[in-house]
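Given as structure tokens, the chain that follows is alone and in the form predicted alone.
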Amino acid sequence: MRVLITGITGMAGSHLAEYLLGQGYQVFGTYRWRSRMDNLSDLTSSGRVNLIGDSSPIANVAHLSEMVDERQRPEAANLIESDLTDAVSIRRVVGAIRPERIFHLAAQSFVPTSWNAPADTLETNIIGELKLLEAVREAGINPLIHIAGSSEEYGLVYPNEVPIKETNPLRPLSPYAVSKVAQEILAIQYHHSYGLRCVVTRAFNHEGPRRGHVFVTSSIARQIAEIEKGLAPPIIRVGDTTIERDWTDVRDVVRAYHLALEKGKPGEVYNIGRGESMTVRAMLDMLLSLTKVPITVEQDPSRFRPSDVRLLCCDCTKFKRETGWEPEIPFSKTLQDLLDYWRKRV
């Protein structure tokens, strides 16, 4: 079965590629010329990354299809250079691969960046998805399509609304969150209007090895690793540590993405999360307990946002009932693996 992963070079995309290869899928992924390939290093070191070519104007659908058939390797993640903001490019990729499953993970996913570049965030996330869905329609195929939403869509959540069900009002508090709400609505509209088999997930915070250093868990882990190596003074700089999040290991989340298409229902929305929340400060203390170096914590005003989601705690009952999914990796192991990841890289 051919699977297409947009955003395959990201944290979730790379873990999903590894998981699907282990399940026997034929994996294809898109990357941009400026994409960092670091997250695919485990696959690269074992010879399981295969660059097929690009979707430039020279490579029309027929030509690209021939390249895919000739150069693809079933045991590898087969990569094609493409950009979702280029409608012609993504049409060629979808038309050449003709996937039976699509996992749409590519996005501008960092909330602070969405404040600094709101137009780019909306363009990448909303119009990029629109061009992907139109490419599917033009190709005349009917794949199952996973749309990766976000718990950030809930935004302003009141204490009497937790744990958060899928029926909770959406009150987005950032341009990024607005873009994810729009992605979700667009996918469901295309399901009802055109019969596209879109399944939407709202994953709560997911962390683990390969998390970008700008995200809070990874930022703290990286700072600890730098302090241990003597590369930085023994001070951790943080933003608001009183906010609460529901954290799940990324390796559990990609299993959930797979199950969303195998057992979920097109046109439906599913929460994915552990169902337990903790403050950023509690998470920070867990990370600090994993080092022997004495470290001071200081607040950094530059790390505060114009508005922030105060509380996120997932009610995953619907998804668990329909798929049988359960998180398996303790959060303590997630943080240990994340810290060890940075210890090898700083």
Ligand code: NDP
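All residue numbers are counted from 1 along the displayed sequence. Note that this is a predicted model, so its numbers are computed, not measured.
What follows is about the form predicted together with the ligand, which we do not show.
A.B. asks: Exactly one of I220, A177, L133, A107 has a non-hydrogen atom within 4.5 Å of the ligand in the predicted bound form; which residue is it?
C.D. replies: Looking at the other structure, the residue within range turns out to be A107.
A.B. asks: Name the single residue among I224, A96, A148, L79 that comes within 4.5 Å of the ligand in the predicted bound form, judging by heavy atoms.
C.D. replies: The residue from I224, A96, A148, L79 that makes the contact is A148.
A.B. asks: Please identify, from 187-195, 80-88, 234-242, 157-165, the stretch that has a heavy atom within 4.5 Å of the ligand in the predicted bound form.
C.D. replies: Among the candidates, contact is made by 80-88.
A.B. asks: Does each of S114, V309 and L312 have at least one heavy atom within 4.5 Å of the ligand in the predicted bound form?
C.D. replies: The answer is no; none of S114, V309 and L312 reaches the ligand.
A.B. asks: Is R32 one of the residues lying within 4.5 Å of the ligand in the predicted bound form, judged by heavy atom distances?
C.D. replies: R32: yes, in contact with the ligand in the predicted bound form.
A.B. asks: Classify T334 as contacting or not contacting the ligand in the predicted bound form by the rule of any non-hydrogen atom within 4.5 angstroms, answering yes or no.
C.D. replies: No, T334 sits far enough from the ligand in the predicted bound form that none of its heavy atoms falls within 4.5 Å.
A.B. asks: Should G13 be classed as touching the ligand in the predicted bound form when contacts are defined as heavy atoms within 4.5 Å?
C.D. replies: Yes, contact at 4.5 Å.
A.B. asks: Given that the ligand is not shown alongside this chain, does R255 nevertheless sit within 4.5 Å of it in the predicted bound form, heavy atom to heavy atom?
C.D. replies: No, R255 stays farther than 4.5 Å from the ligand in the predicted bound form.
A.B. asks: Can you name the residues of 194-229 that have a non-hydrogen atom within 4.5 angstroms of the ligand in the predicted bound form?
C.D. replies: In sequence order, A203, F204, N205, H206, R211 come within 4.5 Å of the partner.
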